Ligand SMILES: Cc1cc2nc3c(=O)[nH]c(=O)nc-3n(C[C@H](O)[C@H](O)[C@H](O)COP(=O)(O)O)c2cc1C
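Next up: a single chain in structure tokens, the form predicted on its own.
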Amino acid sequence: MKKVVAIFGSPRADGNSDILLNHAIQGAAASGAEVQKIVIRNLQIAPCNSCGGCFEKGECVIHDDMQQVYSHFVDTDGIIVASPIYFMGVSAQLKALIDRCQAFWARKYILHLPVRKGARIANGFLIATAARSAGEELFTGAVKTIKAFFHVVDTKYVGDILCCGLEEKGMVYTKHDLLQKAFDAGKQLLTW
């Protein structure tokens, strides 16, 4: 069975990014994938301390909830990331998780080891929501961050849903086209 990791990066439950991610999860499950949802706000993840400890074995020396997250990345066929936009970037919770993937960077570029068995490449998708209704390059920082993250964890960036003007919690329920796009993205994730 194919596996998908769905990473929820918002500090707030049941907000617009959570709703869209849940629709993407339903789509992935409808395609026959087993989905593991990771809710970052429920985990204790310390920031990377840039100690270089991962350079020796490709493993982070900080022992916290991130240790359970690493195993999901190694065993997945697809990754969906959902985050609200804060100051033109992903949430602090999501950024901490991404920074802790320095261990995968060390594994890949210092130790020359694959992220996954057989050097498999996963497919990755981003869902980002913003309260601002418009703005030059509103999602640019988040997209660049996620593309860099996906590159390090051997994941191909296959697309995104970038939603602006979602100020109120639950407002996305009135945007049926976005809900359908999220479902379809989850359903198609592993076939792109």
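Given the structure is predicted, the values throughout are model-derived calculations rather than measurements. All residue numbers refer to positions in the sequence shown, first residue = 1.
Another form, the form predicted together with the ligand, is not on view; read the next lines as being about it.
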Quiz item: Since the chain is shown here on its own, which stretch among 117 to 125, 72 to 80, 101 to 109, 86 to 94 would lie within 4.5 Å of the ligand in the model of the complex, judged by heavy atoms?
Solution: 86 to 94
Practice problem: Identify which of L43, A131, A30, L162 has a heavy atom within 4.5 Å of the ligand in the model of the complex; exactly one of them does. | Solution: A131
Quiz prompt | Partner contact for A142 in the model of the complex: the ligand, 4.5 angstroms, heavy atom | solution = no
Quiz item: Would E167 sit within 4.5 Å of the ligand in the model of the complex, counting heavy atoms only?
Solution: yes
Quiz item: V39: heavy atom within 4.5 Å of the ligand in the model of the complex?
Solution: no
Practice problem: Look up in the model of the complex whether L138 has a non-hydrogen atom within 4.5 angstroms of the ligand, and give yes or no. | Solution: yes
Self-check item: Residues from 16 to 38 in contact with the ligand (non-hydrogen atom within 4.5 Å) in the model of the complex
Solution: N16, S17, D18
